[in-house]
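This document opens with one chain alone, in structure tokens, the form predicted on its own.
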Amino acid sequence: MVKIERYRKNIGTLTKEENEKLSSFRICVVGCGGLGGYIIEMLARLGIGHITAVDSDVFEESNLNRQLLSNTETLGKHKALIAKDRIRLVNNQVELTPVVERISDSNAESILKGHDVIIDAVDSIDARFVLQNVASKLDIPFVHGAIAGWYGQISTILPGDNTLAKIYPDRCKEGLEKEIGNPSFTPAMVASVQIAEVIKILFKKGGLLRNKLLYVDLLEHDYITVDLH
């Protein structure tokens, strides 16, 4: 049973009925690092009933500057398994299934099937294309997010869209984060927008970033929506 007091501050933004329905949704978060940690935390606090957290990596010291699930005691431990421990503390009404695998053409369909939305929190352009392709095949909406330094981007990709080909025409190019790193504040910002897109998808509210790219520049406070038609 949904504990109403826990979610009282959701009401108004969501109706009571929508809030209760959150527990029936299944969301897959691919990546449990900078973006993924914030995404998983927010989904659980909202009351999403089931989260699948996918990541094959373990925490390293260089993750401590930004990855919400990391701390000095989790170094060397699998990110997806720590996500399960964290969410047990944050909201024991939420079921989190950890998947300690790297997403690939060979395992993506079996991991992603059965979810209502798939969220991109990976750091590989190739992995993003795998997610987009399999999400389309499975008829599941896919929310893309990427971060680098002061900058971030978000787009919502519905089945049949080929949005990533427009965002990454040269898909072999490495992400900008390899050059300029990632601080703590950018993933929190981008993850928040991704979660807002997820809620709008689930309840068919507002305007989605479909066929659009929201570009966020926190250095100059430029927030630009680019039409990708």
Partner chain sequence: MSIEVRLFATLREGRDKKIYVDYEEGLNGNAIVEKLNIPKDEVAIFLVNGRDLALDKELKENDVISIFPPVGGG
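Numbering follows the first chain given and starts at 1. Remember, it's a predicted structure, so these values are computed and weren't measured experimentally.
Below, we refer to the form predicted together with the partner chain, which is not included among the displayed structures.
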item: The unique member of L35, L43, V54, L69 whose heavy atoms fall within 4.5 Å of the partner chain in the predicted bound form; value: L35
item: Residue (of A108, V117, V122, I87) lying close to the partner chain in the predicted bound form, criterion heavy atoms within 4.5 Å; value: V122
item: Partner proximity in the predicted bound form: I157 to the partner chain, non-hydrogen atom cutoff 4.5 Å; value: no
item: Interface membership of E5, the partner chain in the predicted bound form, 4.5 Å heavy atom rule; value: no
item: Touches the partner chain in the predicted bound form: A188 (any heavy atom, 4.5 Å); value: no
item: 4.5 angstroms heavy atom contact with the partner chain in the predicted bound form for F203; value: no
item: Candidate stretches 70-78, 130-138, 143-151, 90-98 - the one whose heavy atoms come within 4.5 Å of the partner chain in the predicted bound form; value: 143-151
item: In the predicted bound form, residues of 206-222 near the partner chain [heavy atom within 4.5 Å]; value: L213, Y215, D217, E220, D222
